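Next comes just one chain, in structure tokens: the form predicted alone.
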């Protein structure tokens, strides 16, 4: 047994561009979905996640651990975790600063009204 589909609503693919256009007198929102500073932080931590463990391994395998690759690999894994925890800490601080900024703006708007 089949059911009928409601044909009155348009799907996203069937909608015209005028459905997404700004209303008369409104400016279109051209801000990026993700702020630039967030992208730069992500790129920095991505670079650190690649360079820090590999660099730690190759620097420590002969200089610190005397050719013992097991200990050098363990130190590289520790460095990867250090970078990961650093990213988590920075992300939490950024989230808290955004919440504090929104709260401050809300208080300022209440003072002016």
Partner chain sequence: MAESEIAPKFAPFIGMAGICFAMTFGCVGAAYGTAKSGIGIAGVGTFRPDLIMKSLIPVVMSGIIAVYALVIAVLIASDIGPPPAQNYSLFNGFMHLACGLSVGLTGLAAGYSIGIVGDMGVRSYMQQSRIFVGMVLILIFGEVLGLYGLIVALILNTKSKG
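Basically, rigid core = biggest C-alpha set you can superpose within 1.5 Å across the two forms. Positions refer to the first chain, counted from 1. If you're wondering where the values come from, they're calculated on a predicted model, not measured in any experiment.
In what follows, reference is made to the form predicted together with the partner chain, a form of this protein that is not presented.
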Do residue 47 and the partner chain share at least one heavy atom pair within 4.5 Å in the predicted bound form?
no
Is residue 90 close enough to touch the partner chain in the predicted bound form, meaning at least one heavy atom pair within 4.5 Å?
yes
Is it the case that residue 57, even though its partner is missing from this view, gets within 4.5 Å of the partner chain in the predicted bound form, heavy atoms only?
yes
Partner contact for residue 63 in the predicted bound form: the partner chain, 4.5 angstroms, heavy atom
no
For 67-92: residues with a non-hydrogen atom within 4.5 angstroms of the partner chain in the predicted bound form?
69, 70, 73, 74, 76, 77, 80, 81, 84, 85, 87, 88, 90, 91, 92
After fitting the core, residue 35 CA displacement of 2 Å or more between this form and the one not shown:
yes
